[in-house]
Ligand code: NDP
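As a starting point, one isolated chain is supplied in C-alpha cells, in the form predicted alone.
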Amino acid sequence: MTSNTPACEIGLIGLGTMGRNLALNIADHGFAVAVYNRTADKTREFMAEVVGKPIAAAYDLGEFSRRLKKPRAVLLLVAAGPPVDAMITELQPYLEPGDLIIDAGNSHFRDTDRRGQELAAASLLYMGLGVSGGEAGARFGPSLMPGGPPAGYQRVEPILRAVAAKVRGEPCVAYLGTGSAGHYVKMVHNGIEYGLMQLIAETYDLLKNGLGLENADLHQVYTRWHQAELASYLVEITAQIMKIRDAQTGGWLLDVIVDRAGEKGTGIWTSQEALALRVPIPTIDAAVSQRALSGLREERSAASAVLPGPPARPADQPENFIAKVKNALLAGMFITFAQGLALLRRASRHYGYQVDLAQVARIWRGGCIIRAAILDDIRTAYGRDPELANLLLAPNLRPGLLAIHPDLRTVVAAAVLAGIPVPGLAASLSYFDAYRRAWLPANLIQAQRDYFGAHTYERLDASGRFHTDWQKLASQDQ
C-alpha cells in the first residue's frame, strides 16, 4: 500500500509472532490494516513479505494514526504488563475521543479494568481481547474472547468474525461482557489448559512407565483416542509429538526434552482468583503445583536416590488398562471443564460480566488450545439451563460421567499402588467424590476452629451461631 491508500479499517501494533500472523489473517479477509513496530527493521522485514496485501506500514505513531479511518481502532499485540501501559502512554497523544484500543495480549484482568477506567476518563474506548490458538490460530483462525464497551465491540465485530476460526460455519467469537470479561474468560481458558495438559501428561506417565509402552505405541494409542470421544487439539498434538524423531540422536525427540515445564503466570492467576472467590478448582491447582514441582529437577534427582517406591506396574492387562486410562482421562477432562466454568459462573456474577457460558463453550470449540469434541455437549448443557450450577449436574452429561468414573477410580488406585504420581487425576476424582456427597467432615473442622478460636458453629437442629467451651467440657469428663 502507498501513502495514497484509503484509510485502514484497523491498526495493529506489535509484529511478533502473533501480531504478524494476525495482521496477515486480517488482510486475507479483505480488511486494510496499518502496522507499526517499535523496531523499524522488523516492520521493513514484514512488509517485504506481504507485497500485494492490503497492509500499510508506519514507522512512527503519528504516521500510524494518520493511516487509520476515524474513529480509530488499534489492536495491541505487545507483551503483557508494563509494555502495554507504556504503549498506551505513547499512543494516546495521537488519538481522539471515541477512538478504540484493543489489548489482545494475556493481560491480567485487573489491569484491563484499570486501563479501561483511565481511558474512559479521556473519552477513549478500551477492550480486552483474549486470543487463543497460538501461531497457527492467529494466522488461520483463532478463538477470540472480547470484552469491554459494547460500542467498541460493535465497531470491530465484522473484522473479528471474519478472522476467527469457524466451526460448522459459526465464527468462534462472541461478545462476552463489559469491563475485563474477555481477559477473564481467557485467563480461565488458560487455567483449564493447564489442567488438561497435566491430565494428558499423567496418562503418558502411566502408559510409559506403568505399562512400558514405547513412543511408537503411544502414538497409536493417542491417535485412536483422538479419533473417538477424546477428540481434541491437545490429544491430537500429543499423538503427533510421539512420532517425531530427533535429528541429532536419531532417537525420539520427546525423550531428550528436559522434564521441566515452563509457565507464564495465567494458571497461577486462575488459582488465585478461584481462592479469592471461594470456588474449588483442585485439578487446575494441582496442574499449577506440578509445574512448580517439575522445576525442582535437581532436588527430585537427589530424592530419587534415597526415597524408593513400589515397582511401577499397574496390576492389569495392558489393553484393558489402556481402555480404563482413556476413560479416566475423559472423566478428568470433563471435571476440569466443570471446575473452570464454575469459576466463570461465580466471577460473572461477582464482577457483573453477565457471561453466557453456552457462548463460551461455543467459541472454545475451534481455534483455541482447549478445543475438544465434548464442548458441543457442554454448550448444549448451558443452552438448556443457563443457571446450571455445575456441569456435573447436567442431564445430558451426567449419565456419561457416571458410566466412566469407575475407571477413573481404578486408574487412580492403580497409580497410587504403583507409586506413579497422578495429582490431576486424583484431584479430579476427589472433586467428584466431594461434590456428590451430602455430608463432608467439615463439621469437625468447624468444631476445631471453635475449640481453639471461638469461631462459633451452626447446628443442624437450630438456627443461629453457637459457641462451646470445649476445653472446660473435656476437663470435666476426665
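For clarity, every value in this text was computed on a predicted model and none was experimentally measured. Numbering starts at 1 and follows the sequence shown.
Just so you know, the form predicted in complex with this ligand exists too; it's not on screen, but the next bit is about it.
Open item on the list: Taking this ligand as it sits in the predicted bound form, is A261 near enough to touch it, meaning that at least one heavy atom pair lies within 4.5 angstroms?
Closed with: No - in the predicted bound form, heavy atoms of A261 and this ligand never come within 4.5 Å of each other.
Task: in the predicted bound form, L330 touching this ligand (heavy atom, 4.5 Å) - done: Output for L330 is no: heavy atoms all beyond 4.5 Å of this ligand.
Task: 4.5 angstroms heavy atom contact with this ligand in the predicted bound form for L344 - done: No - in the predicted bound form, heavy atoms of L344 and this ligand never come within 4.5 Å of each other.
Open item on the list: How about L77 - does it come within 4.5 Å of this ligand in the predicted bound form, if we only consider non-hydrogen atoms?
Closed with: Heavy-atom contact with this ligand at 4.5 Å: present for L77.
TODO: Mind telling me which stretch in 57-65, 36-44, 441-449, 407-415 gets its heavy atoms within 4.5 Å of this ligand in the predicted bound form?
DONE: Result for this chain: 36-44.
Open item on the list: Exactly one residue in P280, P318, G134, G295 has a non-hydrogen atom within 4.5 Å of this ligand in the predicted bound form; which is it?
Closed with: The residue in contact is G134.
TODO: Have a look at P83, P149, P158, G98 for me and say which one sits with a heavy atom within 4.5 Å of this ligand in the predicted bound form.
DONE: Partner contact (heavy atom, 4.5 Å) among the options: P83.
Task: Within 4.5 Å of this ligand in the predicted bound form, all of T17, M87 and K186 (non-hydrogen atom) - done: The answer is yes; T17, M87 and K186 each reach this ligand.
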